[in-house]
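Coming up is one lone chain in structure tokens, specifically the form predicted on its own.
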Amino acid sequence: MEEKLVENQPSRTTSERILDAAEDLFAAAGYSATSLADVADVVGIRTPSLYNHFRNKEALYGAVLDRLIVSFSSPLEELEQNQLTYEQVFEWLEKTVRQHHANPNLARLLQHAALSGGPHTDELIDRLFRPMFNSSQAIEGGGTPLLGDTDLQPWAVMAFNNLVMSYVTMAPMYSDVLGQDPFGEPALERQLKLIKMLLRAVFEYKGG
């Protein structure tokens, strides 16, 4: 099958094209429902040719996860390199939300993993979520942990992740009700406004 190249865009390697196709398919259908034949068909190669790049489906899935985890973990890693300020936390939040809007595949893939399982689940938890749960760095001048009250921090982490990722997976169902594209800039600005308002409430919470 002849590949069509986008003008002024460098051609991607076969491995990169396989990863792109696999990411979309795993996000759409989950690990179990996606076959190597499905991936090969999208890429435009024969299924045996995939084994020249990835030894099996699990290895391909692992490579897809690794690429996503590296990309989505970088904002938090950057945030924790220095003493935190409230402004930096809100910048991190906006960057993370915009990243999920730009690429909803991670949230969709995680939803499939949570509901039907798949390999590398422990790796997902350890690399993507545990750093947020374990973060104890305080806000400069306030002594407040990254996501508020220490006892509630795990619940704040879950609430934040659920709010961001469930929007990515569920918002398309509400497009008619919203009367706009849920991934358009106006909708994104409204979601950011709501999340920032909720995060401010978490910062202001002093314990009951």
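Quantities reported herein were computed from a predicted structural model and do not represent experimental measurements. Just count from 1 along the sequence shown to find any residue number.
Separately, the form predicted together with a further copy of the same chain exists; it is not shown, and the next lines address it.
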Selected contact from 28, 42, 59, 70, since only one has a non-hydrogen atom within 4.5 angstroms of a further copy of the same chain in the predicted complex: 28
Would residue 151 show up as a contact with a further copy of the same chain in the predicted complex if we use heavy atoms at 4.5 Å? yes
Looking at the partner-bound form in the predicted complex, is residue 51 within 4.5 Å of a further copy of the same chain by any heavy atom? no
4.5 angstroms heavy atom contact with a further copy of the same chain in the predicted complex for residue 63: no
Contact test in the predicted complex: residue 96 vs a further copy of the same chain, heavy atoms, 4.5 Å: no
